[in-house]
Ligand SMILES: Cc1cc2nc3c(=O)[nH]c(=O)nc-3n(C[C@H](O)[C@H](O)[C@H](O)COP(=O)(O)O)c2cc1C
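This document starts with one chain, in the form predicted alone, laid out as C-alpha cells.
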C-alpha cells in the first residue's frame, strides 16, 4: 500500500462486494457503442482503466424501456441480446481485479436527440417542460409507470446474469426518478404525487427482489441540481436517507440536464474549483450510514486522499482524470506522482465529443477512446533519427510518440519555452490549468529521452541537410495571428489578442473585441479586459458568443461576461473602422452595423499557418497549425498519428 495514500488504496465494502481501492470511474456516455449493445471499443476503453488500477468502473447508462432513448447511441438493456456484451466487458474488467457496475437509466423529459432527428414523445411525472431540449413531456400513466419499474428490474437481472457486480439506479441530473422526487416537476394528484419518493422506492424494491442481497445496488443522485425549478437539495438528501436501508451505496454528484447553469455541473469546466463538492459531500456523509461515493471535479490523487482522510466521502469519482491518464491509480500507488498526466478540465474531447455524437477522447491523451488503434505503441525494429521543428502541442506529441517507439528524437524550439500557443492560452481568465498541458508533456518528454534544443531556430540549410541524410523531419511550427484586410478609415488603435495577452493595452475606455473563431480567445480576452475595468463590446460573426465551444464552457463563460456587463453582439462580420467607430455587416443579410464611441479594437480573428519551409520542395511531414490552424486537439492527435507512422 502506498504510504502516502493509506485511505485511497484501502478496500471498500459495498454490500457483498469488496472494491480494492477508493477510486471509481463514474458512469458517462462514451458514444463508443455503434448499436444498442456493448462493443469491442467500449470493452477496450474500460479494460485500459481496469489495467491502470481503478477499483470500480460504473458503465455508462443503459435504457430500461423503449421510451428511455435519450440519444441515438444509448446502450439498451431491454433485451437478452445485451447480455453477451456485458459478459465480455465484465470478464475483461474482472481480469484486472476491478469491479464493475451498470447504470439503469430513464431520462424522462431530458431527451437530447433521436436517430431520425425527429422530436420524440417524452414522458415525465407531469407535463412540465424542460429548458435545454424544448421537450413538453406527456404525464406517465400508472400502467406505464409500472411497466418502467418492471423494466428497471429486468435490466438489472440481465446485468447480473452477465456477471456484473451490481447496478446503479440513475436519479441524478434531473432524469426521470428526480422528476418524480421534485416538487416543482411532480405535480400529480395521485399516489405518485402524494408520495413523491414512491416511484423510486418501487424501482429499488423491484431491483432488489429480482437480484437478491448479494448483487450491489446503488443510487446516483444530485446533491444539488443548482436549479430553482428542479429537485431541491433538501429533497435529494431526504430521498437518499429514506432509501438508504434498501441500498448498498449512494453516489452523489451535482447539476441537472434541465438548465444551462445546472448542466455545467454534469462535467464542470476548469472555471469550477477542484473538489468543489467536498463541503456538500461532508454534509451528506454526516446524514448517511451507507458508503458515499462522490464525483465532482476531482483530478488529482492527492486531493482525493485529502477528501477521504477528512471523512467527506468513502470513494472518489475521478472520471476525466482516468480518461486523461488511465494509469493514474498505479502511478499514485507507486509514488510516481510527477508522472501523472493531470486532467485540465477543458471539456473539449470528452463531453465535447459526446455532444457532437463522437467517441470520447482527450486532447492530451488521444489514445483514449481509440484503444483498438493506439492502445499499445509498438517498438520499432528500425530506429531512425527524427527531427521535430516546433515544440507546441503537435511537436511535443510527435516527438514523445516517436521516442516512445524507440526512435532517436530531437525537438527544436526557437524560444526558451515549450508549449507554443498554450503559453498564451493559460493567461486567459479561468484558463491557468490549460498550462498544465505543458508540464505534463515536459515530464513525458524527459522520461522518453527526447533531446531538447531550446533557443534554436532551424535554418534552411540545416533543414536540407537532414533530408539529404535521410532523416525524418516533422514541421510543427504553428501559426500566427491572422490579420484580415479591413477598411481603415481613421486612426483607431488596433491590437491583436496575442499583443493583449503579452501586456499591450490601447488607451481609452471603450474597447471592441472582434471575434471570428468563436472559441476561448474572444471570450477570454473580453473577460480579461472587463475585469481590468474597460467597457467591452464583444462582436462575433457567430450565432452567439463562444459558439464553437463545448456548451458547459460557453454557457459559464457567457454568464460571467453578462455579470461583467460586457455587451455581446452576434451576427457581426467585421468590415472596418474609423477614428472612433467599428463597422460591420449582419451575417444574415449584409446590412450595416456599427459600434460607436470606440477607443480601441482588439482582433481575435483566428490564425494563419506559420511555415518557414513552405517554399521548399521537400517531403517533410507537417502537423498541427502549420498545416492549417485548428485547435490543440487536432495538433496533438496528428502528433500521435505521425509518431506512430514513422
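Numbering follows the first chain given and starts at 1. As the structure is a computational prediction, the values presented were derived from the model and not from experiment.
Separately, the form predicted in complex with this ligand exists; it is not shown, and the next lines address it.
The chain is drawn here without this ligand; in the predicted bound form, the stretch among 6-14, 21-29, 621-629, 634-642 whose residues come within 4.5 Å of it by any heavy atom is 21-29. By the 4.5 Å heavy atom rule, the three marked residues 61, 266 and 351 all count as contacting this ligand in the predicted bound form. Of the residues 181, 536, 298, 549, just one reaches this ligand in the predicted bound form with a heavy atom at 4.5 Å or closer; this is 298. Checked against this ligand in the predicted bound form, the candidates 278, 103, 496, 130 yield a single residue with a heavy atom inside 4.5 Å, and that residue is 103. Contact check for residue 109: every heavy atom lies farther than 4.5 Å from this ligand in the predicted bound form. Among residues of the shown chain, residue 320 is one whose heavy atoms approach this ligand to within 4.5 Å in the predicted bound form.
This ligand in the predicted bound form comes within 4.5 Å of a heavy atom belonging to residue 173. Contact between residue 253 and this ligand in the predicted bound form is found at the 4.5 Å heavy atom cutoff. Contacts of stretch 477-505 with this ligand in the predicted bound form, defined by any heavy atom lying within 4.5 Å, are made by none of its residues.
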